Each structure stands twice: as C-alpha cells, then as structure tokens.
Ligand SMILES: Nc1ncnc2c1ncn2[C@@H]1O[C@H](COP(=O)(O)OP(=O)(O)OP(=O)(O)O)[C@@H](O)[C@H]1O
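Take a look at this single chain in structure tokens; it is the form predicted on its own.
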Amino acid sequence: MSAPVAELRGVSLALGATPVLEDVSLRIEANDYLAILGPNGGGKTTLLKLLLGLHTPDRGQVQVLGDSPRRARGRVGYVPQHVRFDLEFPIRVQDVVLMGRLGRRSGARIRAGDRDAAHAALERVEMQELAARPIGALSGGQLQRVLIARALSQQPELLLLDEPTASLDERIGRSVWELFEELSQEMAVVVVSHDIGAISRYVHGVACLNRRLHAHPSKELTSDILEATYGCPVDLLAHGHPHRVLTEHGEP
C-alpha cells in the first residue's frame, strides 16, 4: 500500500478547557475527494488547521505528504471559510491569486512562471475575464472563486476547502463541486461542510465529524450515524460511493 497523502492517528485536541476532537483517525489517499460533514462547532475547521500545522494535537499524530504539517504547508492549498478583505484596498483579482505563489517558496519576487500559474488557476474557476477587476468590485460568489484560484495557483498536492460553496448560488455551487471532482484527478481534495445537502454524486468518500469521527462501512450514511453526528434524528442520505478513506476507530 502506498503512503497516504495525509493521516491522523488517534488525535485529540482541546482548545482551552473545551474538547474539540477526540480520538480522531483519518487516512487521505492520493486523488481522494472527501467530504467531511458535521454541525457547526463539530471540529471540522480545527481538523483542517491540524493538517495545516496551525494547531498541534494534545494526543496522537498528524502527518502530511510524508512530513510534519508545518514542513508540508507549502504543498497544501487552503481555502478558509471566512476571509476579511479591505474592499477599498486597490488590489486586482490577478494580484490576489498571485499571492498563492508565495506560499510555494521563499521570497516575494514575482516571476514569469508565477503569472502563468495564476492565469491558469483563474481559467480553472472561469474567472480569467475578471483578472484586472478590483477585488472590491466582486460579488461574494466571485470572491470565493478567486480564493479557490489563489489556492490552485500554489499547485498543491492536497487541497483543503472550508465551506467553499457557502457564498455561491446553486448553479455555481454545482459547477464548483464538479471542478473539485476534476481536480481530484490531480491532487487529494478535502471539503468540509455542515450541510448534508452539499454532498454530490462526485464525492468519493464521506466522513461525519462531531468531535469524534463516525465511520460507515456501507455505501449509505445510515440514520444512526447521522443522528450520532448531528445529535438529532435526520433523514437517510445515500450517495452511491464506497468509503475507503476511514481507518478503524471506536465510536462514543
């Protein structure tokens, strides 16, 4: 078996006096397209920050691309849920995307190859026609696509997205899920969401997280697993793909 792109083994973490993750184990393989579902406050963003090396677990181990998360950070693209911009600042779309290139290497000098990568990333998200537009002139959905392009300009091996469709309309949201499926042929893609309805037929696997990670060995998310995750009865959801990315671990 080849080495995973990322792996968490028995990870627990508390922020202050509040337990956020408990005994979480997860294995992400090359070209996976994984959706992590769970309620707000369930630990989804914290899990991504562990993969980025922004948090250190209290117990357990985290490895990314065969290295520590901090050392691998330049090879990981990240789209956060909330980004604060001064919309009056005179910066263009293409300049925001170019910022992603700085995470790949040291030094702030922009090179020709950086501009090529930024242009290609804007094309992937269908925003190349707005490259010269001021960032403050964008809609929320357009800005979200620019942030995805910024992460893609880094040419990552692992792409992490925190609620990436929250600002997108239904039509654009569906196209973005399709884009992520396409990207998974080049890199591992992990998308977190609190919305069960965000799962599409393109996702290869699903994990349910609410402080603990709940595995489901069948092709369906059973009502028991969803109730354990969301803390209340929910409708059954089928998505038609086997879920091979979860390691064995106990449930509460």
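Model, not experiment: these values are computed from the prediction. Note that residue numbering begins at 1 and tracks the sequence as displayed.
From this point on, the text means the form predicted in complex with the named molecule, which you will not see here.
Of the candidate stretches 61 to 69, 39 to 47, 24 to 32, 183 to 191, only 39 to 47 contains residues with a heavy atom within 4.5 Å of the named molecule in the predicted complex.
Contact annotation for Glu163: at least one heavy atom lies within 4.5 Å of the named molecule in the predicted complex. The closest heavy atom approach of Ser139 to the named molecule in the predicted complex falls outside 4.5 Å. The named molecule in the predicted complex is not approached by Val11, whose heavy atoms all lie more than 4.5 angstroms from it. For the chain shown alone, Gln128 is not a contact residue for the named molecule in the predicted complex, no non-hydrogen atom being within 4.5 angstroms.
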